[in-house]
Ligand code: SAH
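In the block that follows, a single chain appears as structure tokens, in the form predicted alone.
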Amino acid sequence: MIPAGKILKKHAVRPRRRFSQSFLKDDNVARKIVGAADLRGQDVVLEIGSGHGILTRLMAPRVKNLLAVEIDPQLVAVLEEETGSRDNVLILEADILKLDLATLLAGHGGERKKIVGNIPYGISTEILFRLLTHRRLIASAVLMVQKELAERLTAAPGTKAYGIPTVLLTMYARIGHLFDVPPPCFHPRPRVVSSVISLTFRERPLVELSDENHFFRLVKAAFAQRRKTIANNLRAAPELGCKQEDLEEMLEKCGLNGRIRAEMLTVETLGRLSNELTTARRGAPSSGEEGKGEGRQSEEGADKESALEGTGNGGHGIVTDMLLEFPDR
């Protein structure tokens, strides 16, 4: 295979500021990324940000179908010349944030797809939450992101990096920080260190949620003002629909001191608290055990899933909209 550096020179590829481009040129790193994706012969892979094709050319011979998405028409021309002759490669000139992922992924076989990509750092969070909203069509993802984001996604409770992205993604995926990639591996060199992460979407959420919409709203409210206690933050969130006395009772039922901050709570604890508050809001007796361990989402929660996943090309549901509002928390 032609080295990536020669491909860049052959096509006189120049980075475009409009797309914040920085091209991976280290073939060894590319092989590590593809190896981490654990590709099999029957896999259908969606590649986000195919660029000059350093990953595309490695993946194409290994999989059943490869859907290569690239927004830059100049790079689409490079991809078509270098990989377009393969019958199993579909090159799409498109914006990943506007692409109808549900239709695209569902249209290529019944198995859950794999995602691979060196994604644009400026929209990494938006991309991750688009994948989250379409998680039932996706088995796993291996992505290059900024190291700071990788550390946030894998942060432990009680740390400054732990926040909304950590909680929401951990509820639905196992996240791994695989390895770092230094600036010299790119052209031009970025000012930040990059990291490769893996996401394996769970068959069921970490906690059985009785109402997913309520859980997302609770997480948003809990981290709205990080310096405030969870009790104060939840009191200031009328959208949760819980009474003051119910809040105090449910915090106590979950063994929580109202003066604790959200960043100290595990994903499981936040899930159980959401379930208790949902029960109180509906006026039903609490099970006390609701939400522990892995399990199926209730029918009512499943019925509301369309609100989370969004519809149409925009793909915005409550998850994506929330992260657009609080991208760094």
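Residue numbers here begin at 1 and follow the sequence given. As the structure is a computational prediction, the values presented were derived from the model and not from experiment.
Below: the form predicted in complex with the ligand, not depicted.
When you look in the model of the complex, the only residue of Glu111, Asp95, Glu249, Asp100 with a non-hydrogen atom within 4.5 Å of the ligand is Asp95. Note on the partner interface in the model of the complex: the residue among Ala231, Cys254, Met171, Ile71 having a heavy atom within 4.5 angstroms of the ligand is Ile71.
You can rule out all but one of 34 to 42, 49 to 57, 260 to 268, 273 to 281: in the model of the complex, only 49 to 57 has residues with a heavy atom within 4.5 Å of the ligand. The ligand is not shown here, but in the model of the complex it comes within 4.5 Å of a heavy atom of Pro120. Although the partner is absent here, Leu143 lies well away from the ligand in the model of the complex, with no heavy atom inside 4.5 Å. Under a 4.5 angstroms non-hydrogen atom cutoff, the ligand in the model of the complex has Leu75 among its neighbouring residues.
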